[in-house]
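Single chain ahead, written as structure tokens, the form predicted on its own.
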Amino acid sequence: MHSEVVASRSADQRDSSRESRNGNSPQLDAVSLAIIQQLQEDGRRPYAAIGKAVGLSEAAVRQRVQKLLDQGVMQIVAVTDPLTVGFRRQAMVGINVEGDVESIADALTAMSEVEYVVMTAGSFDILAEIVCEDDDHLLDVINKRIRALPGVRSTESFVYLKLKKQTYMWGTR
């Protein structure tokens, strides 16, 4: 397990996400981006060390980090390897929807096994990442819960065989 700073777009932040598409997102200056980069390298890095790297006092860094957290720009979380904590099956599920895509996306976000939901253009209306204990659990989630949602027309599952790369470093590119 390690600590990471990740971009945050939960269901509670949909409104702020819409605002950012309309140009009302928080403006991040070079110092805020540098703070994010420092935390992405080590989410437990002391504020004093970050301050030294970016040219601010520890108190100023603490205030900036809190503002970034409050604005939903980032989260500081412990990222685990699902295999080491008992979740042996992961899959990406492509979902085709008839009708309102957002209502299906909202229902998916309420499922604890669903880690990632994105509405897409292309072959699928929604992509959802599922993390389960085993194949039986995955089958239950897909067959009895996702396919049972009114408006789900079809699903296609892409079971992960091996995870080669998982990073959250896009925040300052």
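Note that residue numbering begins at 1 and tracks the sequence as displayed. Here the structure is a predicted model, which is why all the values come from computation and not from measurement.
The form predicted in complex with another copy of the chain exists for this protein as well; it is not shown, and the discussion that follows is about that form.
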With a cut-off of 4.5 Å between heavy atoms, is G51 one of the residues that contacts another copy of the chain in the predicted complex? no
Would R45 count as touching another copy of the chain in the predicted complex under a 4.5 Å heavy atom rule? yes
is_contact(V118, another copy of the chain) in the predicted complex, heavy atom dist at most 4.5 Å: yes
Taking heavy atoms and a 4.5 Å cut-off, does V131 contact another copy of the chain in the predicted complex? yes
Can you pick the one in S57, S123, Q63, N143 that has a heavy atom within 4.5 Å of another copy of the chain in the predicted complex? S123
